[in-house]
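Given as structure tokens, the chain that follows is alone and in the form predicted on its own.
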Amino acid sequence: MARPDLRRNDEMRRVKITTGYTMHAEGSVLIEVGNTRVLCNATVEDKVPPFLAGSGLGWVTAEYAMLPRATNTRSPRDISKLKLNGRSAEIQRLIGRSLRAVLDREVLGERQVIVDCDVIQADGGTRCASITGGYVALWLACRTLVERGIIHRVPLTGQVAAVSVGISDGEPILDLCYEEDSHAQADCNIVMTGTGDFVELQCTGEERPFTKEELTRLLALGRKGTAKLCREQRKAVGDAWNL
């Protein structure tokens, strides 16, 4: 069956990464993947969590939130419940793990970068867009530290990006929009490095188990999607890219 936006099964949605989107953060990005839009701001702090004090090692962490009307019905802000909801907590831990996978903590030194990912509009794949855009925001923040003479090089060992894949109507598909995600028989969030190594896989059989052969096809789609996203990351940074 045709996809809602008539894409091929192996085709990504349109990706656009706008750098310098806000004026105050050391690194700022608006990432658009189809109709999903996430604002990613990276802030540098000259301190680390207590468990790293005196270690000489840096840290990257993330916070994730969805604006109340990012979806078709209003969702209350977490502050109204006086605690972060479970989904947001799980996603921001995923973002942090993914970004730290390509971080040279010794080069960063004893400082912390906080990457805030705020979903402005959601149409599937918000955690994947947050990782992909958050990486560029992190890179920009690290470049700011280099330009200020605080560190000697960008402390990133490679790229990291994420994409969703799934099985819809029995066929593996790449980069699910919300309509596809809500009806998929299986779905996966795949986080990969720019060299094609896996950082994390989150795969679930929603309506039925999926086979090893189907998983192999999903992973191949994920590799194709993350490769495209890594190209978009480099294009967003432009001539300044130096990894």
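Just count from 1 along the sequence shown to find any residue number. All values reported here derive from a predicted model rather than from experimental measurement.
This next part talks about the form predicted together with another copy of the chain, which is not shown.
**Asked** Is it the case that A70, D116 and L215 all touch another copy of the chain in the predicted bound form, with a non-hydrogen atom of each within 4.5 angstroms?
**Response** Per the other structure, all of A70, D116 and L215 touch another copy of the chain.
**Message:** Can you work out whether Q202 and another copy of the chain are in contact in the predicted bound form, taking contact to mean some heavy atom pair no more than 4.5 Å apart?
**Reply:** Residue-level check for Q202: yes, a contact with another copy of the chain.
**Asked** According to a 4.5 angstroms non-hydrogen atom cut-off, is D197 in contact with another copy of the chain in the predicted bound form?
**Response** The answer is yes: D197 has a heavy atom within 4.5 Å of another copy of the chain.
**Asked** Should T18 be classed as touching another copy of the chain in the predicted bound form when contacts are defined as heavy atoms within 4.5 Å?
**Response** No, T18 sits far enough from another copy of the chain in the predicted bound form that none of its heavy atoms falls within 4.5 Å.
**Message:** Using a 4.5 angstroms cut-off on non-hydrogen atoms, would T22 count as touching another copy of the chain in the predicted bound form?
**Reply:** Heavy-atom contact with another copy of the chain at 4.5 Å: present for T22.
**Asked** Does anything in 173-195 come within 4.5 Å of another copy of the chain in the predicted bound form by heavy atoms, and if so which residues, in order?
**Response** Residue within 4.5 Å: T193 only.
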